[in-house]
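A lone chain, given as structure tokens: the form predicted on its own.
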């Protein structure tokens, strides 16, 4: 089974901050990591390979420094890694991103299963996985919390819902986006780290993937981020003292007055 996992390099959530001058994410001095949801997608791909056989190919679209997360993916059990990197990709929204990734996936070979994290922690759109599935003409399931079985090109899984989970069957090839409940990511093994140290990551440019330049980057993005700003800080607050029962009564009184007036 040919499994493709799409991963993204994002700023470590503990260090994310806004530049007060530009109102954009400040990445200077901020550690970059594998997007947390993508780490679970990678683990699930390796787990399924170990259970059902096949290969895991990891693809990331990003600047040259994104090679670091691909090297880490190799150390965690991925077989091949491709970095899709070109200045032409800069400023891509989710539409341009899914087009670029679809071209790269096709270049890497026809997959039986594509795995993505539910969403990225820097953009939080949750659009890339479903959008990529449409580009690849595959059925897709989002928010997958467990892959039960794969038999006769049919995958049985559990999809997380607000009030529990659904059990679904989907024909392969297919694309899944996963949530953190699906597994516990492994640490790199010593053997994996040795392989990753010597592994040469393949870089793909826009020309390499046969991309239409009019559909790439900022020029191929119908949506753009106009501004980003932090929530307004409010200094007014009320401290409630007393026993738990007294605090609850006081809080109920404050909420009632706020909703209906004193």
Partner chain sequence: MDHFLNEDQQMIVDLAKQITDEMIIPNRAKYDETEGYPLDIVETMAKSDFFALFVPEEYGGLGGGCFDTVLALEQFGRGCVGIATAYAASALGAYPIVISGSKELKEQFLPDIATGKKRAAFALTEANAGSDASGIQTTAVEDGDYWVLNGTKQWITNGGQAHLYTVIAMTDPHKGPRGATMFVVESTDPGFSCGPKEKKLGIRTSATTELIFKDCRIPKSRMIGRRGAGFITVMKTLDKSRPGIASLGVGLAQGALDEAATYAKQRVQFGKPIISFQAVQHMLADMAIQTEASRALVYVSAKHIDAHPKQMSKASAMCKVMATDTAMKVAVDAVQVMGGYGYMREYPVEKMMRDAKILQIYEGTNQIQRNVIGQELNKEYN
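Model, not experiment: these values are computed from the prediction. Numbering follows the first chain given and starts at 1.
Same protein, other form: the form predicted together with its partner chain, not shown, and the subject of what follows.
| Can you check whether residue 189 is within 4.5 Å of its partner chain in the predicted bound form, heavy atom basis? | Close contact exists here: in the predicted bound form, residue 189 approaches its partner chain to within 4.5 Å, heavy atoms only.
| message | If we define contact as a non-hydrogen atom of the residue within 4.5 angstroms of the partner, is residue 201 a contact of its partner chain in the predicted bound form? | response | It does not: once its partner chain is placed as it appears in the predicted bound form, residue 201 has no heavy atom within 4.5 Å of it.
| Is there a heavy atom of residue 193 no more than 4.5 Å from a heavy atom of its partner chain in the predicted bound form? | Yes, residue 193 is a contact residue.
| task | Spot the stretch among 180-188, 158-166, 105-113, 124-132 with residues whose non-hydrogen atoms come within 4.5 Å of its partner chain in the predicted bound form. | result | Correct option: 180-188.
| query | Listed by sequence position, which residues of 80-107 have a non-hydrogen atom within 4.5 angstroms of its partner chain in the predicted bound form? | reply | Going through 80-107 in order - heavy atoms within 4.5 Å of its partner chain in the predicted bound form - there are no hits.
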